[in-house]
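Given next, in structure tokens, is a single chain: the form predicted on its own.
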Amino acid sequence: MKIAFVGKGGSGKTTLSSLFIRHLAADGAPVVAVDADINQHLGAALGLDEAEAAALPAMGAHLPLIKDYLRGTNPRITSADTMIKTTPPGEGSRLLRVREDNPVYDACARPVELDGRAVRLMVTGTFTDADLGVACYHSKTGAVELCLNHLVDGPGEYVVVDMTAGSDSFASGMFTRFDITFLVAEPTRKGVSVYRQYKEYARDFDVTLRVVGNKVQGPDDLDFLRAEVGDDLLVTVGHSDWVRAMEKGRPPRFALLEEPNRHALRLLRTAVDATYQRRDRERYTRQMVHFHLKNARSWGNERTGADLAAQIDPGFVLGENVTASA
């Protein structure tokens, strides 16, 4: 299952995504965690110190390796140089799986231990001196989008992505790559304005969007969120002494997280697992092709000097049944 956490900057989406990752790991579920935010804080939220977080390999730095591996023997992709962030898989492409070992994970993922359990953590990487003034952040997240396009996951397997803040997610087609998107909203006008914007942009793409109210302090906050987001409100989260200790770098055992917050995490997982039965693999593949053609016409064909529409395999549908043959 592919899960995105989005929201206004400072809403607490990184904290909540880290709590959900810890919750899944505590139950023994296989998890790939991805920090795709311009502010790279997921590693720290998962307990890494500053030096450990800084040493995580940036996915963007390994983009040639990622492209070459995913291309496989796909005859429609003439070289890794012609692959862009939206290039879809086809017959002969290599696909990624949550539980496997592969060169992409070897280069880009690192294990993070959480109370005796381990998850894989991948990060887009921060801006470098060479990027400043000449590159947008979405050049970094292209590696994440390419991997999601080639990733096959089944029930009980989880890919959790901490997305960039606000509506910046819509600068690429990556917002359609998830089974469910959790929008973290504070009970404020600014908090719910991001929700309205996200819902409007996602309206035509059948995005499953649920709201997690954060920093909710009482009935008035709850009533405000219910009035503003309606049935999209899934659950609310209030103050947590455990989170405060974690933010100071001294988290207790995860089993000591307050029961109301543990209950909220269980509701999130229930909502995630329920989306599996509703998966529309043909729609997922169509959306992949839609954004690939859009990017090809806009800039991809000119940049690569190739007709990138030719990369589309019209008979290919991404799903668990194609993993072995690919």
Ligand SMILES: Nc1ncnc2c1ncn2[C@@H]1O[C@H](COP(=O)(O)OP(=O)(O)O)[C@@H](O)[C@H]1O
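In case it trips you up, residue 1 is the first one in the sequence shown, and so on. Everything numeric here is computed off the predicted structure, so don't read it as measured data.
The same protein also exists as the form predicted in complex with the named molecule; that form is not shown, yet it is the one meant from here on.
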Non-hydrogen atom contact V98 with the named molecule in the predicted complex at 4.5 angstroms: no
I'd like to know whether T78 contacts the named molecule in the predicted complex, with contact meaning heavy atoms within 4.5 angstroms. no
Partner proximity in the predicted complex: E247 to the named molecule, non-hydrogen atom cutoff 4.5 Å: yes
Contact with the named molecule in the predicted complex for K190, defined as at least one heavy atom pair within 4.5 Å: yes or no? no
Find the only residue in K215, R110, R94, R117 having a heavy atom within 4.5 Å of the named molecule in the predicted complex. K215
Among T208, Q197, S240, S172, which has at least one heavy atom within 4.5 Å of the named molecule in the predicted complex? S240
Answer range among 86 to 94, 101 to 109, 232 to 240, 147 to 155 for contact with the named molecule, defined in the predicted complex as heavy atoms within 4.5 Å: 232 to 240
Going through 1 to 36, which residues have a heavy atom within 4.5 Å of the named molecule in the predicted complex? Please give them in sequence order. K8, G9, G10, S11, G12, K13, T14, T15
